[in-house]
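Just one chain follows, in the form predicted alone, and it is written as structure tokens.
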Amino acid sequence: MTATAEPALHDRLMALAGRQIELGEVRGAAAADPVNLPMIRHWADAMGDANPVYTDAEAAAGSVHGEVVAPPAMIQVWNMPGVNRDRGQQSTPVDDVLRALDGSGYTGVVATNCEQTYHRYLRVGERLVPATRFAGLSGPKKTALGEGYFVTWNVTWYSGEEPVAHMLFRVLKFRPRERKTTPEAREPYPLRPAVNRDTAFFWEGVARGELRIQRCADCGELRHPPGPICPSCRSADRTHVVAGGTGEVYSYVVHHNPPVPGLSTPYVVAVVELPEGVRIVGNVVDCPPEEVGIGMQLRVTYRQMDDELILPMWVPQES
């Protein structure tokens, strides 16, 4: 839904966007490290990708590639700035637009689109250079998170002069809603899960205090997140089991910034490995973030977020 922003502010933002579009494609700094096997190995392990063409030189030599190659989905990894985000980073045509939106009160951000195209596999030793092209600014729009602008840009990665991958990325920069202080005015929780024919059974279970895991009705394989087709036998017949409600931290992040509507920072988002053999993403609560660690034993809990929504979360087992 289209909203109405201050005309002068809107005009300034659109004029800035126009100037950034005219800059065209702007090349950034080369990756600090070339494509390398240790990073490929860590990434494949974290993602559970056991394809030997990524890590086994002998197996890769017998493949169509003839050598070890990098998983295409790693493309963003090679130019990530690391912990010190300012070191070696060059500005892009997007930065000024994001700063202008921040300065105008559009401080919230959520990614809405990421579409990647891979032209070929990357080989060990290649060093990538990203190039960013600002694509557009649209808005203001009224959304469930607040009024905001959609910001779109494209990144092309080059090996030498050859483009090897492309990405369209879009975020919504929004003004977070002000919180009401009257206790009786309970606003709807702004982050609603997507409930559809594939996921409805899960949320019906949550409402009943059950952690349900989708199960293939033919081969019996469990899978999460839910989907329409069994990745093992391709059957579309599915049922579910009720998990025991325990798990352990497989990996986690502590979110500090940017602000997220409905949540107070810092908070922990973890990938929780269940004894049933699947992993599920959820918040770890009732525990200081600095006490969360890999392998921490957890149990599920259910939190009433508003008058209608209940979310599964995780607490330490000993609590």
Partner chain sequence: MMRTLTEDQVEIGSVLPELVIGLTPTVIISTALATMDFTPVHHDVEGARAQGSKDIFLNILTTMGLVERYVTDWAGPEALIRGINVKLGVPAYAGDTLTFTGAVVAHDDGEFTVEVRGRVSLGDHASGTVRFALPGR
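As the structure is a computational prediction, the values presented were derived from the model and not from experiment. Residue numbers count along the first chain shown, from 1.
Note that the form predicted in complex with its partner chain isn't included here; everything after this is about it.
Taken together, Val254, Gln297 and Tyr302 are entirely out of contact with its partner chain in the predicted complex: none brings a heavy atom within 4.5 Å. You can rule out all but one of 243-251, 108-116, 221-229, 197-205: in the predicted complex, only 108-116 has residues with a heavy atom within 4.5 Å of its partner chain. Note on the partner interface in the predicted complex: the residue among Val53, Val260, Val26, Ala30 having a heavy atom within 4.5 angstroms of its partner chain is Val53.
Among Pro72, Pro190, Pro93, Gly136, the residue placing a heavy atom within 4.5 Å of its partner chain in the predicted complex is Pro72. Contact check for Gly82: a non-hydrogen atom falls within 4.5 Å of its partner chain in the predicted complex. Residue contact with its partner chain in the predicted complex: Val281 places no heavy atom within 4.5 Å of it. In the predicted complex, Thr143 stays away from its partner chain, with no heavy atom inside 4.5 Å. The closest non-hydrogen atom of Trp43 lies within 4.5 Å of its partner chain in the predicted complex. Shown without its partner, the chain has no residue in segment 272-294 with a non-hydrogen atom within 4.5 angstroms of its partner chain in the predicted complex.
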